[in-house]
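In the structure tokens that follow, a single protein chain appears in two forms: structure 1, then structure 2.
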Structure 1
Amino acid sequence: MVSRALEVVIIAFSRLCGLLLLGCVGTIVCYLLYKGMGAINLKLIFGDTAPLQALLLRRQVFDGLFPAIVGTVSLVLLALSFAVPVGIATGIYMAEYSQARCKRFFGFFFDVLASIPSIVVGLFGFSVAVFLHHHLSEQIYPCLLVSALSLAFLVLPYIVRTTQIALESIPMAIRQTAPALGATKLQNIFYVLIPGSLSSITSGLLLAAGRCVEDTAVIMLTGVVASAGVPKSIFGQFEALPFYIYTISSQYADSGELARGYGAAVILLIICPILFGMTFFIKNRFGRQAPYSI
């Protein structure tokens, strides 16, 4: 009787916490939409430049968010292109090939990396850029490439640990089925284990993408500026929405500029679901090939 009452209390408390969390997130999102939706228009994005001319990169946008949007998307895609292959490959090694002692050591190492503050990673990226500028080429400065590599380093532990845990959580009966039928270890990994754990691996990719989109401390030390325009190459400086929101919120001159900051925050909220949707599309596209689900 006592255990049943305790179970009811725990369930009720869990539901209350879930509703409280949902209410907090909903309040924040609704507040941003209320403050920022009125400021979103073509002028906010493209300024005085014709939208078609800006999209075709024929004219530069000086008073709009288009360069920051392009810079943010470019930064996230470039960072993930560095982090995802290395992170998934390392996670596969940790789960399938490493010995127990090696697994404990590198597991602790990646857990420590995951806890490093982003400002420290940004300072490290800035130091690397300065070192390369003085010892390799004077043409190297803090730029889009340095920011992307720094963000890739920042999110790499999440991808590694998520991939490792996803692969290790597959039941032993399923894990041994393909080798029993004559498949090699590599075939078992690519045709059974990875498709079967794709949903869990996708969670790590979503976390990494979200961290890349929102982080400001790293990019403000490694290449982002207020008025760089659309990045011309990976070695150029760039604009980004998180940095724009940061500068507007700390230096706005009137309510109109603050409204532009809220509008930029809403656009950033819109970009995040788009990136998440791309990740889910990849998961669903390749998940159909999975022989089972767990």
Structure 2
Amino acid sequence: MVSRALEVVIIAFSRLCGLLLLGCVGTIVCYLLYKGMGAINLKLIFGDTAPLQALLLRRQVFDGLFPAIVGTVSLVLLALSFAVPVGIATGIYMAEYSQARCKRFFGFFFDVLASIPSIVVGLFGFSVAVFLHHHLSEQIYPCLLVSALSLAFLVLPYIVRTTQIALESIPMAIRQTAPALGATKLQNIFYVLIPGSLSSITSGLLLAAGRCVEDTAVIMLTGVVASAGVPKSIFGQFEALPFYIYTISSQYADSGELARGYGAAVILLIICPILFGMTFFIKNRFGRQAPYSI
């Protein structure tokens, strides 16, 4: 009898949990859409400036999200351009070249790097910039480049891991075909192994891009500011969407600014799940159709 009661309790409990979870997500999404959808239009992004003029960088946008969006996009591209080559090369080394002991040793460091709180990475970037400012050149201060480098540190372990796992999960039969035909190790990697795991590697990159877009803590310490306009060079300060949302939530002057904050939150809420959704799509759609299936 007791076990029957327990069963009912467990079933009820887990259904309740499921409902609670769906309820929370539903509330968050509906609340944001309800408050922010009205604010989403061209004016939200370009303010009073003509869109074409802003896009050609002829005129500054003062009361729109355009500079923040440009800042975020350039930040993500710059960070990925540092992290992707190093990350993929490291992944190849881990999967194809390293010995078991070396692999465990390196793997430990990547796990630690992946778990470091982003604010600590930000503090690191900030203090390196300040250190160089004092000891090397007065010209160096927290800027777009420092932010991008710190972000690259943050997403590096994700790229390494996904590349490594993607390469390692290629079946032995495919792995040995090219060498049996006389291909060198390098040829095998570039003509067989990487093309065969391209979809997993791509989804890892998208995941890293998503982390770059959403991260606020790192850039907060390394050069993002509330108003800087479109970044002029990689040594200048910049704006970014997540930081804009944070500033609005802590200090908004009027209801117009608050509405822009909601608009920005909706935009970010849409961008990030799209990036994450694409990773799952790529994995499910192409993951099983490796070009060299047996």
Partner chain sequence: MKIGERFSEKIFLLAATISVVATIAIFSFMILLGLPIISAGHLIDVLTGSWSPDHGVYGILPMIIGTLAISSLSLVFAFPLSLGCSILIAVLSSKRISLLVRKTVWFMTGIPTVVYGFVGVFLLVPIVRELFGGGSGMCILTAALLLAILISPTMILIFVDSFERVPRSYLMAVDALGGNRIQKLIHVILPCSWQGILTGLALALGRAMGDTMISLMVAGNAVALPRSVLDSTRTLTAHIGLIIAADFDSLEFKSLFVCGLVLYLFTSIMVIMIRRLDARAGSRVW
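From a predicted model like this one, the values you see are computed outputs, not experimental measurements. Residues are numbered by position in structure 1's sequence, first residue being 1. For the two forms, the rigid core is made up of the largest set of C-alpha atoms that agree within 1.5 Å on superposition.
Structures 1 and 2, same chain in two forms; the form predicted alone is found in structure 1. Taking the rigid core as fixed, one finds a CA shift for I69 smaller than 2 Å between the two structures.
Superposed on the core, the two forms differ at L258: its CA moves 2 Å or more between the two structures. Put simply, the smaller rigid part swings 19 degrees relative to the larger one between the two structures, by C-alpha superposition.
After superposing on the rigid core, the C-alpha of T27 is displaced by 5.6 Å between the two structures. Core-based superposition between the two structures puts the Cα shift at A12 at 14.0 Å.
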